[in-house]
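Shown below, as C-alpha cells, is a lone chain in the form predicted on its own; questions about how it binds or moves come after it.
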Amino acid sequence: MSSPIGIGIIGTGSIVNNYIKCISELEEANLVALYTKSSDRVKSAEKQFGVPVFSNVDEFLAQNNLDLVCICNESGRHGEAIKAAAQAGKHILSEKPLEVTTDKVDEVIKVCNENGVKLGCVLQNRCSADYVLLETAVKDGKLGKLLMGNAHINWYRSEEYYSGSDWRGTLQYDGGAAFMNQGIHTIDLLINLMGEVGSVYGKVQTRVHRIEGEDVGSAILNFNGGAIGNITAGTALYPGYPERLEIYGEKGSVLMEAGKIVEWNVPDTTAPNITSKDGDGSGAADPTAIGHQNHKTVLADMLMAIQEDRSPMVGADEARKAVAVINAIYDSSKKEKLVQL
C-alpha cells in the first residue's frame, strides 16, 4: 500500500467538519494542516482539529508533506486559494463553485493547467445511489427522448444565517445567493442529465433578506438537445422544502426529492426501493443537516485520481457548466431578456 496522501484544508468553517470525518475514515488520507485567514482563530482551531493551523498561506503551502489542498473558504475567495495552491504545485479539490463567475473559473483552470496539477470540484450530490440509478436510466435511453427537466430548490434560511456572516448573500464573495450557493448542486444534476443549455430567461429578486443576492428566483431553460426546463430557487420560502429534481422523457419519468427517488415510471425497468430514507440529507432549512458520505466518495475518488494520474470525478470543465447557467440567469434578470450561453 502506498503512503497516505497529505491533505491540507483552507478554511475552518462548519463544512470542514465533514472533511475531517472523511479523512479519518480513509486510510489513504492524512490531515496535515489547516489555513485560516484569521490569526485570532489559529490557537482555537489547533485545539479543535489537532493539527498545525496557519494564518500565512505561504507557510501553510510550504508543508513538505502536503499533497492535496481542499478549498473550503468563501466562494468568492476560491479562485485566489486555488491559484496559490496550484502555483505551489499542490493538487486541489474545491468546494462548489470553483469561482462565482465563468471568467474567474477560466482563470483558475488556466493556472492549474500551467502548473500541471489536478483540479476537482465537490459536487457530491452526483454520488447518491438513487441519482446514479437515474443517471444510468437516462444515459441508457430508458426514458427515451428527453422532453423536460426541472429543478426546484425552494429552501429557507433565517435572517441570522446571513447576518451572522460577512460573506453570505454578497455578490463579491457568494456570487449571489439562492442560485449560486444553495441551488448549484441540483442545477448541476439537471445539466448533467439534460445536456448543455443553449439559452435561459431568468428572474431573480431579493424580497425578504437584507442581502445583495437573491432570495427568490426562477428561470426557463432551453437545452441544446431540444428539451425545455425550469428552475426555482429560494432561501425565503418558509419553512423550506426538500430539493426536487424532475426528469421527463417520451417513454417515462423519474422524480427525486432530497437525493431520493420518489417516483419511478420507467417502462420495462424494475423500480428501485423508493421507501428507503437513508441518504445524505437535505439542507432545506438547515445547512448542517447534510451528511458527509457523499463528500467521502468525492474525496476518495480525488485521492485515487492522484495515485492513478487520471482526471477526478468532476473536473473543472464540468464544474464550470452550472456556474455559466447561473451567471446567465442573473444576466437575463438584469437585462430582462433571453440570454444565449
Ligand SMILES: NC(=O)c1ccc[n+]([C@@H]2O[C@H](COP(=O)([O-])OP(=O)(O)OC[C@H]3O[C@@H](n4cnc5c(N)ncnc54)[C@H](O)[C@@H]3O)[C@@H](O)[C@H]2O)c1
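Each residue number is its position in the shown sequence, starting from 1. All of these numbers come straight from a predicted model, not from anything done at the bench.
Keep in mind that the form predicted in complex with the ligand is missing from the display, and what follows is about it.
No residue of the trio Arg126, His152 and Val262 has any heavy atom within 4.5 Å of the ligand in the predicted bound form. Note on the interface: of 164 to 172, 82 to 90, 108 to 116, 214 to 222, the segment with non-hydrogen atoms within 4.5 angstroms of the ligand in the predicted bound form is 164 to 172. Between the ligand and the residues Gln307, Asn64, Asn273, Ser38, the one pair within 4.5 Å by heavy atoms in the predicted bound form involves Ser38. A single residue from the set Cys72, Leu134, Val204, Ala258 has any heavy atom within 4.5 angstroms of the ligand in the predicted bound form; that residue is Cys72. Contact check for Pro97: a non-hydrogen atom falls within 4.5 Å of the ligand in the predicted bound form. A residue is said to contact a partner when one of its heavy atoms sits within 4.5 Å of a partner heavy atom; Ile15 meets this definition for the ligand in the predicted bound form. When the ligand is considered in the predicted bound form, Ile290 lines it closely, a heavy atom lying within 4.5 Å. Looking at His295, you'd find a heavy atom of it within 4.5 angstroms of the ligand in the predicted bound form.
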